[in-house]
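Okay, here we've got a single chain as structure tokens, the form predicted on its own, with questions on binding and movement later.
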């Protein structure tokens, strides 16, 4: 399972030393390489962009509009939260979730510094978020879902939080290695001997097709990989972007009433 201690330690270090070389791309150069818009870069303070360890651009295909409620899983220091805040406007809401206390603290600070009153940051695990059912229009994430040990639970929680026909747009690392003995039935909750690297987005990655199938099984439709990115954390990983729509589950009793 994922070593949350390793993950929290690494991202606490990033929170405290954003300019440190961790062996993977980050900062404003990284954001520009992923196509983050200049208008966002101009508005958001340059020091915030130092924390940008984006593996892709979830906004490239996102359908976020004024008044929407957006949830960012693995919000880190708040780069994507602040972009979302600009997109939804004062009439919208943005929730950020992270497991690293120091990142929650810094993201809250960054939101306060630009007077983003529509932003709220939560310290929660991704499969047990302190929000009510069907309260979110859009879920985004950037290089964070692969850090979770049981992705079925994460996508079940995303399904719970999304409104009917709500959408998820996320960037994440995928496994591009040769096939292993860990099949689709077990890959999303695979255990390891503790020596694999979870924090650097290696051990928790899944094959592109397996991840798509997992999301479909969670109740989503129109699940698509929208592209691959330049980002890599190891020879066996590559960045990719995905989108999906919450499919309404039809209860049999309701189907009978309709006829």
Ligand SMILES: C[S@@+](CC[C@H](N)C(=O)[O-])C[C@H]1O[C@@H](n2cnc3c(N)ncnc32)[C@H](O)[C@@H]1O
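Positions refer to the first chain, counted from 1. Remember, predicted model here, so these are calculated numbers, not experimental data.
In what follows, reference is made to the form predicted in complex with the ligand, a form of this protein that is not presented.
Asks: Quick one: from 111, 86, 161, 99, grab the residue that has a heavy atom within 4.5 Å of the ligand in the predicted bound form.
Replies: Here the answer is residue option 99.
Asks: Only one of 54, 44, 70, 215 gets a heavy atom within 4.5 Å of the ligand in the predicted bound form. Which one?
Replies: Filtering the options by heavy-atom distance leaves 54.
Asks: Tell me whether 176, 211 and 239, taken together, all sit within 4.5 Å of the ligand in the predicted bound form, counting heavy atoms only.
Replies: Looking in the predicted bound form, the three residues 176, 211 and 239 all stay beyond 4.5 Å of the ligand (heavy atoms).
Asks: Picking from 113 to 121, 87 to 95, 161 to 169, 144 to 152, which part of the chain touches the ligand in the predicted bound form when contact means heavy atoms within 4.5 Å?
Replies: Single hit among the candidates: 144 to 152.
Asks: I'd like to know whether residue 103 contacts the ligand in the predicted bound form, with contact meaning heavy atoms within 4.5 angstroms.
Replies: It does: once the ligand is placed as it appears in the predicted bound form, residue 103 has a heavy atom within 4.5 Å of it.
Asks: In sequence order, which positions of 61 to 78 have a non-hydrogen atom within 4.5 Å of the ligand in the predicted bound form?
Replies: The stretch touches the partner through 74, 75, 76.
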